[in-house]
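Okay, so here's just one chain, in structure tokens, the form predicted alone.
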């Protein structure tokens, strides 16, 4: 059984005794109910006046960002990283793909009942810029235009958190929060079932509508832990594979090819959708891919770091209904 530890205490110990070179966690963000990455280096964390140290670390529903994406900056170093359940699955995927050696990582698991989505919070408060907001137990206390509003935390949670399949990290050397109750995620997500009920023409119309909003800023790619190629196909110029005009066909090509790369690898952390400035419904297509992998191949991305990746595995009875 993984041992429970206080986040700030174990972080200070790991940095002080040289167990790790770098620690990646969260600190309070600059806007209400937000959190930002905090990167601490052994020997320098909090050593200068005003410099953040382990005492600045936090973990609660504000900590939405998937920090695993930052690991790519520290290859070759011993790194401690704080991960939620979905983040741990992304980490397992990178270990499966031999991007990191598990022995070089100290994983601080953070059981999570859900994180705040800025869009869901704005809907709950009927305001996208509250004057102030604080989280108290399972209630959000906010002041919007001088008027105090109290809403349930559940109203502001990221939609994917409502049916997360792994709330308690499966990979962890220490737990920095108490385990939480797991939800039943055995049935397909509502958005996937709705898409299946659509006709082919309706699905195509929905896809075109979503892609028409994309401005090809590539924010979804930048925050995704699984997008670690040295040069993305979308940035290649010799030959140029993807255009960056306002023609929806360019957005379609980019996302279709990116989703092909994410098949069997996306863990549903929701980082891409939260990062999208245009509100493109990226979750629908990622959920659809994950459901296909689960029902057709019995595969859950990141559930087992020792198993071969879906794309790299083969069984003689694998279905091939996706081929022409």
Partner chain sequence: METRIVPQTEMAAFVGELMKTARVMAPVRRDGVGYFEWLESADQLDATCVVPRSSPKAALLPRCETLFGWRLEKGEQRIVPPPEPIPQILFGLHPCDVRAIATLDAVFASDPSPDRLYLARRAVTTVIGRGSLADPATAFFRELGVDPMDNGGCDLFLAPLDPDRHVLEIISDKGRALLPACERFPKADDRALALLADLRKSSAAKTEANPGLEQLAAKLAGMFESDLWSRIHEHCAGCGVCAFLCPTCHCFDIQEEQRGDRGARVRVWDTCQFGLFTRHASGHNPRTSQKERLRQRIMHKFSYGIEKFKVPFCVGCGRCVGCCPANNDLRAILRTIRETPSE
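Residue numbers count along the first chain shown, from 1. Predicted model only: the values in this text are computed from it and were never measured. What we label the rigid core is the largest C-alpha set whose atoms superpose within 1.5 Å from one form to the other.
Not on display, but discussed next: the form predicted together with its partner chain.
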Notebook entry, point to check: With the partner left out here, if you bring back its partner chain in the predicted bound form, are 134, 159 and 290 all within 4.5 Å of it by some heavy atom?
Noted result: no
Next item on the list: Look up in the predicted bound form whether residue 150 has a non-hydrogen atom within 4.5 angstroms of its partner chain, and give yes or no.
Entry: no
Next item on the list: Indicate whether its partner chain has at least one heavy atom within 4.5 Å of a heavy atom of residue 127 in the predicted bound form.
Entry: yes
Next item on the list: Decide whether residue 119 counts as a contact residue for its partner chain in the predicted bound form under a heavy atom distance cut-off of 4.5 Å.
Entry: yes
Check: Does its partner chain come within 4.5 Å of any heavy atom of residue 178 in the predicted bound form?
Finding: no
Next item on the list: Identify which of 202, 194, 247, 101 has a heavy atom within 4.5 Å of its partner chain in the predicted bound form; exactly one of them does.
Entry: 247
Check: Among 174, 253, 74, 207, which has any heavy atom within 4.5 Å of its partner chain in the predicted bound form?
Finding: 74
Margin query: Looking at 290-298, 53-61, 275-283, 256-264, which stretch has residues with any non-hydrogen atom within 4.5 Å of its partner chain in the predicted bound form?
Written below: 275-283
Item checked: Residues of 202-217 having any heavy atom within 4.5 Å of its partner chain in the predicted bound form, listed in sequence order -> 213, 214, 215, 216, 217
Check: So with the core overlaid, does the Cα of residue 123 end up 2 Å or more away between the shown form and the other one?
Finding: yes
